[in-house]
Ligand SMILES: Cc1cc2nc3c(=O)[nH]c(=O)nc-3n(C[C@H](O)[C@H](O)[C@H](O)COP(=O)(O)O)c2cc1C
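Just the one chain here, the form predicted on its own, laid out as structure tokens.
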Amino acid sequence: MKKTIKLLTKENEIRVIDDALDIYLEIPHLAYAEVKKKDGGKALLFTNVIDKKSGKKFDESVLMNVFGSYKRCELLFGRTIESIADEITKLLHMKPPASFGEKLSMASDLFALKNIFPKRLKGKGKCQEIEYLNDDINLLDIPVLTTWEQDGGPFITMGQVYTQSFDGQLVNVGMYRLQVYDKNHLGMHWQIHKDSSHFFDQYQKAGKKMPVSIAIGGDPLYTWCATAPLPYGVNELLMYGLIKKQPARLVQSITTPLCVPEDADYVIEGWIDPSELKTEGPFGDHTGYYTLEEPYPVMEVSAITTKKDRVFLATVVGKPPLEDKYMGWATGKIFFPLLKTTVPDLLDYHMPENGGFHNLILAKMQPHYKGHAKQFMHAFWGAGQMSFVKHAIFVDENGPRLDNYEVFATYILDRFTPKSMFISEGILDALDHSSPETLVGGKLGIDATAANKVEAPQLLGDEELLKEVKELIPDAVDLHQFMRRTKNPITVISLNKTKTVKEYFEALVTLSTYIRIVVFVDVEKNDVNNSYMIIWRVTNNMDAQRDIFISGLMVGIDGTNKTSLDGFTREWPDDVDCTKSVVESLKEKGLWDLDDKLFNEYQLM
């Protein structure tokens, strides 16, 4: 962490804040605003950290937004992201050498691989300079942040969670949010699909306690490795060795059999009784919504060890854009070669951060036959973490850059018809709130690889069309048309909803001369002119099986919040919003400098 701070200072990529700020809301709110700035703002180092509730002042600083820009990502990786992807591609396509020169080259490449395996050291590491055992254990002495007003408590957000299979043969490093219940208990939010959860099942069947060690800090690349979507049973720290060209240096925890990086700033060790579950949450998550209370395993802390000169690493999650935008960018680039082994005709893919990553993927492929794109959809929905993708849009090799959204949208809309859609059902991320039941819901694929013949509709201005709409739907409040120059304009209508959206859609069918794709959202908290946040809202809120309606060439999408009016029986979560009094306080201190335009554009409140 100290080396990272020096590097970021040298590159003018860090902002030091010496004002006394609270771990409850103040620090995370300021970090939330910082990452909304152009190019992700700066990393933030808070040097005067307090807990107003207890009156405690912490010795350590808090570091946030460390990965929050493309430049900082590459600084922390120590090389370009493309070079890592190229190296993986080279390894995956390694062929028998045909000449002596090729043999030497291969020998050099293979020799370099000796550094990818973590190295276990004898004795103790820097992470164990200070030990807290028995009555000295106190999680409340660590500056763990409470980010949002409705959060169930303070949460560790950048923890590297080290676990192993029951037989000790497999190890895993994952990143899961960790709720602090009291001085020696943590909630373990590992979702049912995660490797640590699979390990937990093994201990549960055996009726044995499960060891867990959680590292915080050290080389930031450890933290990224904890998010890496590697296959089950593959140690994520192999990526550290591959990228850094030196092995991760590990030491054994003092009360568990697990090894952790010797230079971590904190290590929290403990054991999980598989018979004990406790309510975890709510928590304002990266979906931009609160995830609701659910029972999860509980870790009883057996030891806390730290460096003498430590820094607490944290992140903030909520509405996009956030630090995970940049971490996700690196992940997507690096793991593209591995994904191609499953779908070799894949040319490129991209997950827009305002699509919530798993909620929307854009992909370019080389189609070879009719239905090839649909085959790809099945491959995506069955490939590791890609199986959580809700909405996938495929274009052919002639399609534009996937991150050139305006041009990409034009390309799709000029060749889209309702028959381009493929609706299925499959597994969903545990954080998804839109489906009628947890973990399973509708999935939408759009095949834009073929240019369908499409006739453009007649066009009316927004005011004129809104007048026509209101005559049929008195609950309509506002309307805006996007992509009017294409053959499938998108009409967004905000509503004071008093009936099902399907009924509204059916009432508008008589206007199909003017409307092709119509998206319905609630009037509350939605600006029909803000395409960035409309995409965020709709990809979060829709279930393809329930919320897509078709009449001829006209397609309707229900992006509203679901209630009993819709037959929805699950609890619908609130948006993640900043607390007004905290924002005002930070402004009074002269620390809040986010432009009001960005504040409104990203809907911070």
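Because the structure is a prediction, the values reported are computed rather than measured. The first residue of the shown sequence is 1; numbering continues from there.
Beyond the structure shown, there is the form predicted together with the named molecule, which is absent from this document and is the topic of what follows.
Participant: Since only the chain is shown here, I'm wondering whether G153 would be in contact with the named molecule in the predicted complex (any heavy atom pair within 4.5 Å).
Facilitator: G153 lies outside the contact set for the named molecule.
Participant: Is T486 one of the residues lying within 4.5 Å of the named molecule in the predicted complex, judged by heavy atom distances?
Facilitator: Judged by the heavy-atom cut-off of 4.5 Å, T486 is well away from the named molecule in the predicted complex.
Participant: Taking the named molecule as it sits in the predicted complex, is I361 in contact with it (heavy atom to heavy atom, 4.5 Å or less)?
Facilitator: I361: no, not in contact with the named molecule in the predicted complex.
Participant: Is A228 part of the interface with the named molecule in the predicted complex - any heavy atom within 4.5 Å?
Facilitator: Flag for A228 set to yes.
Participant: Ok, G445, G174, G441, P297: which has a heavy atom sitting within 4.5 Å of the named molecule in the predicted complex?
Facilitator: Exactly one listed residue reaches within 4.5 Å, namely G174.
Participant: Out of V317, I272, M351, V251, which one falls within 4.5 Å of the named molecule in the predicted complex, going by heavy atoms?
Facilitator: Residue within 4.5 Å of the partner: V317.
Participant: Using a 4.5 Å heavy atom cut-off, indicate which stretch of 165-173, 414-422, 446-454, 503-511 touches the named molecule in the predicted complex.
Facilitator: Only one stretch qualifies here: 165-173.
Participant: Looking at the named molecule in the predicted complex, which residues in 206-220 have at least one heavy atom within 4.5 Å of it?
Facilitator: Nothing in this stretch is in contact.
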